[in-house]
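Take a look at this single chain in C-alpha cells; it is the form predicted on its own.
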Amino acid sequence: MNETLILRTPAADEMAASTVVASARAPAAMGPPAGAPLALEVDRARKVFAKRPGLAARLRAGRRGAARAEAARAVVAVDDVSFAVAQGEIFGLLGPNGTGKSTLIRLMSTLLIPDGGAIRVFGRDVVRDEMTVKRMINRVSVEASFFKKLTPMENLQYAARLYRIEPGAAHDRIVAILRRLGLDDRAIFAPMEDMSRGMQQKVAIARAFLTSPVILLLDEPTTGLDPHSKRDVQAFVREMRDTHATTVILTTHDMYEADALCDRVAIIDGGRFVALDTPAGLKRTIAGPDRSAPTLEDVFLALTGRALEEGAAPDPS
C-alpha cells in the first residue's frame, strides 16, 4: 500500500488541504515514529510578505495607480503548513528557490514571527518562549557571517561565551570539531578572510555543532563544499543524531544528500507541502514498468514540474 502523503490541491481547496496535513487519519508515513517524543510541532504556520517589485520605476514613469496596486499585493511564503518531527529525526525540506524553505527555517529559529498558526520546540512556543527556544536550537545558513579579521578559533570562542561554555572546555571542543570537519591547525588559527567560502562554511557548521543543540536547523549547509567536505559534514550530522539524539531540520538542493541523510522528506512548493514521506516512499510513488529505480530528483520533477534551481526568486525573507 502506498502511504505517501500527496497534497497537491487547487487553490480553492486550501482549507481542506491544511486539514489533511493535520488530520489524525492521514497515512502513518506523514507522522514521526509512534511513541517517539516530539521535538518540533508546526501547526498551520503562515507567513506573508509585502511585495513591491519595480515600485520606484513605476512611480517615475507616472504609473502611480499600477504601482499602488502592485504594492498592495502580498506573497504568502508559508501557507498553513503543519507537520511534526520526532526527537532524533533528520527531516528534509526540498523545494525550488523562493518556495518557502528558508522562511520556514527562520520561523522555527525565532528570526521571523508567524502571521498565523503556532510552532513549538519541545512544547515551547517560539513566540511566547523565544529565549528558551533560542537556547535549545542552532542554525546554519548558506550566508553565514563572521568577524573576518579573527581566526576560526577566536570566532568560535566568541560564540561559546554567548552560550556560557567554559573557555577551556570550549577550546578543546572547537579544535576537535574543526579537525573532524577537515580543518588543520594552520587553518584553525589563521584569519578567516584568508579562507575560501567553503572553508568558512565549515566553520559555520562547527559553530552550530559547538553548542550541542537539541534541534539543529541546517539551511543548505553544504552549499559551496567539495564532495569530500560534504561527506565529512554528513557524517558529523549522523554522529550528532546518534550520540546526542539531536533533531535535524535540513534544507538542501542536493538530492543525494537528502536521500542519504533524511528519515523523512517534505517537498514544498508555493509555500505549501505537496508531499511528505520517507525517501523510499516518495520514490515508490512514481515507480513503474519503465522506471524501476526513480530518484528523489525524479519525484521532485514529477510533483513540481521544475528542477530545484528553477524557482522564480529567493525567499522574500
Partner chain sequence: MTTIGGELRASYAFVERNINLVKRYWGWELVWIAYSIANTLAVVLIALGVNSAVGARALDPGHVSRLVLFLAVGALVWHYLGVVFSVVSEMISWERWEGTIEYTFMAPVRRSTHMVGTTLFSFVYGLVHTAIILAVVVLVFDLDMRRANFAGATLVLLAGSLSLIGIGIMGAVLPLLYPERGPEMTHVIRASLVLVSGVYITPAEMPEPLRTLSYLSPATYVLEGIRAALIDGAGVAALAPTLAGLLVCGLILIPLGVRVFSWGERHAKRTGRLKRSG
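Residue numbers count along the first chain shown, from 1. The shown structure was predicted, so the numbers you read here are calculated from the model rather than taken from an experiment.
Note that the form predicted in complex with the partner chain isn't included here; everything after this is about it.
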| query | Which of these stretches, 149-157, 234-242, 171-179, 90-98, has heavy atoms within 4.5 Å of the partner chain in the predicted bound form? | reply | 149-157
| request: May I ask you to check whether R197 falls inside a 4.5 Å heavy atom distance of the partner chain in the predicted bound form? | output: no
| task | State yes or no: in the predicted bound form, is some non-hydrogen atom of D184 no more than 4.5 angstroms from a non-hydrogen atom of the partner chain? | result | no
| said: Test of understanding: in the predicted bound form, would V75 fall inside 4.5 Å of the partner chain by heavy atoms? | reply: no
| request: May I ask you to check whether K202 falls inside a 4.5 Å heavy atom distance of the partner chain in the predicted bound form? | output: no
| query | For this chain shown on its own, do T110, S141 and Y163 all sit within 4.5 Å of the partner chain in the predicted bound form, going by heavy atoms? | reply | yes
| Interface residues of 178-194 toward the partner chain, as seen in the predicted bound form [heavy atoms, 4.5 Å] | P191
